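First, one chain by itself: the form predicted alone, in structure tokens.
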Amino acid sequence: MLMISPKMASGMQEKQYTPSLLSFFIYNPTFGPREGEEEKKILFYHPSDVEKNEKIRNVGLCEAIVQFTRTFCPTKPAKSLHTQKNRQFFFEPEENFWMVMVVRNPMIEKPNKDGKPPTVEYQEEEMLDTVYGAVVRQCYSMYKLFNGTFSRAMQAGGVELLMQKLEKFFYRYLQTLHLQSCDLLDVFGGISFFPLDKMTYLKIQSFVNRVEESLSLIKYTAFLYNDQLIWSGLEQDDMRILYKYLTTSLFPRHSEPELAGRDSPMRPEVAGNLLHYGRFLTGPTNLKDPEAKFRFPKIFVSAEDGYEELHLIVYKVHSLVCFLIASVELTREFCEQLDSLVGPQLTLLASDICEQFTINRRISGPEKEPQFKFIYFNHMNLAEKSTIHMRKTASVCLTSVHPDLMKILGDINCDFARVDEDEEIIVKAMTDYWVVGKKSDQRELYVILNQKNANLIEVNEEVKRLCATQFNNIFFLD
């Protein structure tokens, strides 16, 4: 991505380039052990139009680096390699299967006088290993959600099947990677939760029980409202990656306005005197269509004996989304039964939750610019809250603070990761902002304060006030 900033009155311009993906490949060193068989190691390579010898050379270099670093620490091989122009990230998700992502460092191109070529300055310190290392792990988690493990494909159809699956998945997925938008939220991979009163929560619990009892094929159920999780019956790690897929990929594709349900492909129907505005986001777009296809995405979730293959049903009423996961292929009869059972009840629940949403906004007061912005993350339940991010999707990340401040947040997070003890770090930024990081009992809080003339004591008191107002039911060690 190119950003141009005007420099000097002469019209000369300085060009800034953000991090970009140079290559991404997956290899297994055991597949081509002998000389002349090196190409067999390569299971996937992007971009695909790279000359064969260059692919072999790049994979061989990564293999050598990994093997060399094992001599110093056999249990912890290399995770990244820093060079002036780019950075390589290594990840071994399964034994002998290596994923490598090569990212070009951000750089500034400064024009020279007298027609000389521009001077290029690489800003290698602007990239954080923790952020882009998390992106590589997300790549594998997303692949595994829809395809299962690499080993599973090998058992089902050998190397050829695995290569087909990798090509089909990563050809599309890598196009959705926007590395310039990656930040601390990618490290956390958290979930934004929707606060509910007890009565509404019990209504949802009752609804889930009724649905799972009436439709025996449904194994797991979860609810989201405005991209915030209300309830989930899935394992935490499965929910984490599924939440990312739903909020950054599936929902944005279906985000057209729904004015009183009239934009829904399904015509509102009256069922038991209830207006019904439900529709499927996966599977059939219109149940009334005789040609409707009843194909639902397959996903793989954790089970006692490894992983189980299920079908993802996503059903939406206004801003309330209910997704159900079934164990077998689904028919028209089942979808019609689900629609008639879930649609009317979900319409009522959507009304109750919308009311709760309005109450929550009223309690939080008018949306004026606060003196502080924060990111909160709880490692125990993956709860995440950010007032820094105005919008975060796969294609765009709008933050309300300068990238330099986001870099400081990432540096503080790296410091926290090095030690197990609880601690607090306070930084005075060059731009007169104060940045505070608190780590306490598996929870992390990062605060950015815009108080130019404040001192250390005043900043500390301000953070205490923030904890008292925003996190009054959460215990932070002083």
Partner chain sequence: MAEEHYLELSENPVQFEHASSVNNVFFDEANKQVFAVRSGGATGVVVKGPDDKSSVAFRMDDKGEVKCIKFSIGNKILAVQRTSKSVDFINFIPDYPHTEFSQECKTKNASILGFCWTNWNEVVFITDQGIEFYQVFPDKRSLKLLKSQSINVNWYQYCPETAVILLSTTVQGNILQPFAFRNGTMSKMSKFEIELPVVPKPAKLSLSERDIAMATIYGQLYVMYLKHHSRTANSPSAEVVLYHLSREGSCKKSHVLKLNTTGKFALNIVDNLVVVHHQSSQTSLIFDIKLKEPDCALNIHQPVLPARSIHPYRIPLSGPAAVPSQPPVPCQLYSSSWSVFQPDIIISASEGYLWYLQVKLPPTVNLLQDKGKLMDFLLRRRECKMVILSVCSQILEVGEKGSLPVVATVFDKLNQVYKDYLEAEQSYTQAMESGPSRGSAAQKRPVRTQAVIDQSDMYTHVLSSFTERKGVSHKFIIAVLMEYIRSLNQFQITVQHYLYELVIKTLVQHNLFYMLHQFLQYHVLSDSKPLVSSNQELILRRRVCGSVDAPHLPLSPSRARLPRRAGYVHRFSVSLLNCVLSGVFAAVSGEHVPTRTPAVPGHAEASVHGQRRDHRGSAVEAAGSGCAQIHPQRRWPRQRVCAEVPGRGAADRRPDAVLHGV
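Here the structure is a predicted model, which is why all the values come from computation and not from measurement. Numbering follows the first chain given and starts at 1.
Here the subject shifts to the form predicted together with the partner chain, a form of this protein not shown in this document.
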- Query: Looking at the partner-bound form in the model of the complex, is Phe323 within 4.5 Å of the partner chain by any heavy atom?
  - Reply: no
- Task: Flag Asp352 as yes or no: does it have a non-hydrogen atom within 4.5 angstroms of any non-hydrogen atom of the partner chain in the model of the complex?
- Result: no
- Item | 4.5 Å heavy atom contact, Asn378 and the partner chain in the model of the complex | yes
- Item | Heavy atom of Lys40 within 4.5 Å of the partner chain in the model of the complex | no
- Message: Would all three of Phe280, Val317 and Thr347 be in contact with the partner chain in the model of the complex, where contact means some heavy atom lies within 4.5 Å?
- Response: no
- Task: Answer with one of Glu235, Glu333, Glu309, Glu329: the residue that has a non-hydrogen atom within 4.5 Å of the partner chain in the model of the complex.
- Result: Glu235
- Note on the structure: in the model of the complex, the residue from Ile108, Leu179, Leu250, Ala78 with a non-hydrogen atom within 4.5 Å of the partner chain is Ala78
- Query: With the partner removed from view, which of 424-432, 30-38, 446-454, 43-51 is the stretch that lies within 4.5 Å of the partner chain in the model of the complex, judged by heavy atom distances?
  - Reply: 424-432
- Residues of stretch 435-451 in contact with the partner chain in the model of the complex (4.5 Å, non-hydrogen atom): Asp441, Gln442, Arg443
